[in-house]
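Just one chain follows, in the form predicted alone, and it is written as structure tokens.
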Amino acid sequence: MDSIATGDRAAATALYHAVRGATEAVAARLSAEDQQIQSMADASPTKWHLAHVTWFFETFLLKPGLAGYAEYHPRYSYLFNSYYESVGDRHARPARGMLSRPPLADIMGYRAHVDDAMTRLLAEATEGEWAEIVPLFTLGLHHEQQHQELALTDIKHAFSVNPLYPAYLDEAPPEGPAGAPALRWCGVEGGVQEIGHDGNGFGFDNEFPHHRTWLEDAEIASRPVTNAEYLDFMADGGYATVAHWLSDGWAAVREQDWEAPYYWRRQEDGSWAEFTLRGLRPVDMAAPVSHLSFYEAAAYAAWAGARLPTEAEWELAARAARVDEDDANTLASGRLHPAAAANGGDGPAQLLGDVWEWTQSAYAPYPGFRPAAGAVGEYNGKFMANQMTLRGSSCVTPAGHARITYRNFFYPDQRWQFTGLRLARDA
């Protein structure tokens, strides 16, 4: 997306329509009924995702920036605002699945209306207006990519609670490596180090500023923890041994009857299957374990005699490894599920793609952080409490969206995202 800042209107317009088309491609495999359901308060209907990302462009770019722009519907700002308090009131998040109206056809009409207007805005803006448009326009594209990933994880949850276990994709997944490479330990140099976004290319506000931090020497695992390794933890009484667990995690285990990763299902013969976007399938023992809460990740690390990495350790390891998103198992691969690493390599592997990796770092502002001015300042900053930071990306992260400074964040008990872990230890 770096070409946007150069003022190339044709490239920016083509990129806009490519990102918008990718969202509709995610939804295209779903029926109107599929796109209506909301299976829990943390998830949203696909139809709502389609509308909300459209609302973002209408609210932050078209209404203030395109002369004569007419809203598609006067109540859509109320229906499809997510959490922007300064923009106005909004429909309650847990009740998004109750919005049978507007129908899907109207949502697609809304998208077409906004797309036509955005095409005009990009073409007609003066050079001065273009300079003002670029930051919000770029943010809007990355925001839409975030919702492409969320739409897939949300529909996976919705399908998982259907007794028919429907598949988002019917065909079998491509074959992957039969086994995971042996786990090795890779050094992370301590001392005064620098982390955070350096300003080269796009970054969300929570990735800034680039700053110094102190680290002790450490080691980080060469790959994420696999399903087979996590099964060993389970077989050794991992969910029944209080010593491994943080207090809130142990309470969650007891209250929610956790005994395995979120989408694992025990079969009649005692084996484990896993619900995937391709339906219920045998657990791939070589693949990274996924859909773990922070509490489960921390408990496994304690059982293994290790710990979770800090986000600074993770970022420095990724920087030293010179990771390449083109080699990662992300949405572009079409697999839609974590896969075993192809080979061992020299440094840590799978830092991008497959699973978001829990760190032991609380989600907090970097030194010197300042939220953006205006309503978009609510994008990240106001969530910097009571959540934990994850790094990397997942098997459903869109191409061009991942980078090593990306800071994802969830509450420590949440499990419906493609979240796994990589071990670390003191050197």
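Since this is a predicted model, take the numbers as computed values, not measurements. Each residue number is its position in the shown sequence, starting from 1.
Not pictured, yet referred to below: the form predicted together with another copy of the chain.
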item	value
Heavy atom within 4.5 Å of another copy of the chain in the predicted bound form - the one residue of F208, F202, W245, Y110 that qualifies	W245
In the predicted bound form, the one of E124, E216, D198, E132 near another copy of the chain [non-hydrogen atom within 4.5 angstroms]	E216
Contact test in the predicted bound form: A182 vs another copy of the chain, heavy atoms, 4.5 Å	no
Partner proximity in the predicted bound form: P166 to another copy of the chain, non-hydrogen atom cutoff 4.5 Å	yes
Proximity of D34 to another copy of the chain in the predicted bound form, heavy atoms at 4.5 Å	yes
Any non-hydrogen atom of F159 within 4.5 angstroms of another copy of the chain in the predicted bound form	yes
Contact segment among 115-123, 218-226, 74-82, 315-323, judged by heavy atoms lying within 4.5 Å of another copy of the chain in the predicted bound form	74-82
Within 184-210, the residues that have a heavy atom no more than 4.5 Å from another copy of the chain in the predicted bound form	V192
